[in-house]
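This document opens with one chain alone, in structure tokens, the form predicted on its own.
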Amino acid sequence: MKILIINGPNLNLLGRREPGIYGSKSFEDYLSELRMIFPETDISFFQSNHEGAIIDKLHEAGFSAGGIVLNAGALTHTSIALADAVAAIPAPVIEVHISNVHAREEFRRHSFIAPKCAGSITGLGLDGYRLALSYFIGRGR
């Protein structure tokens, strides 16, 4: 099964950015762990700080991937275009947030993307990505 993980703005700084909120592990290190946990799964990864690049990647992969794990970062709370891109593709998408967005600032409590996704995982740290992958793999059996 092919699964794509997409990380949005500022997530390239994981491990260095606000470790009290996002932890001290880089996503590249965590991605290596995910690939060891799921050796039979073709896990690809894309990160961009640019909304249009993320939309382009959803369009590119959304017709062939078995699932997409999307952490859109702050675009979650602002981007109708990103929500439209998720709605436009047949691949199921799971929204993931490392922090509990519902326990943070008021503006982070709304997601334009969530209604277009198969599900959302928030506040479980990097483990949210593993849980999303587990969902897709279990669904594919």
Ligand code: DQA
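Since the structure is predicted, the reported quantities are computational estimates derived from the model, not experimental observations. We number the residues from 1 along the sequence you see.
Form predicted together with the ligand: not shown, discussed below.
Although the partner is absent here, Gly62 is not a contact residue: none of its heavy atoms lies within 4.5 angstroms of the ligand in the model of the complex. Within 4.5 Å of some heavy atom of the ligand in the model of the complex lies at least one heavy atom of Ser99. Not displayed here, the ligand is approached by Leu11 to within 4.5 Å at the level of heavy atoms in the model of the complex. Contact annotation: Gly73 falls within 4.5 Å of the ligand in the model of the complex, judged by heavy atom distances. In short, of 85 to 93, 104 to 112, 26 to 34, 46 to 54 it is 104 to 112 that has heavy atoms within 4.5 Å of the ligand in the model of the complex.
Although the partner is absent from the chain shown here, Arg17, Tyr22 and His77 each have a heavy atom within 4.5 Å of the ligand in the model of the complex.
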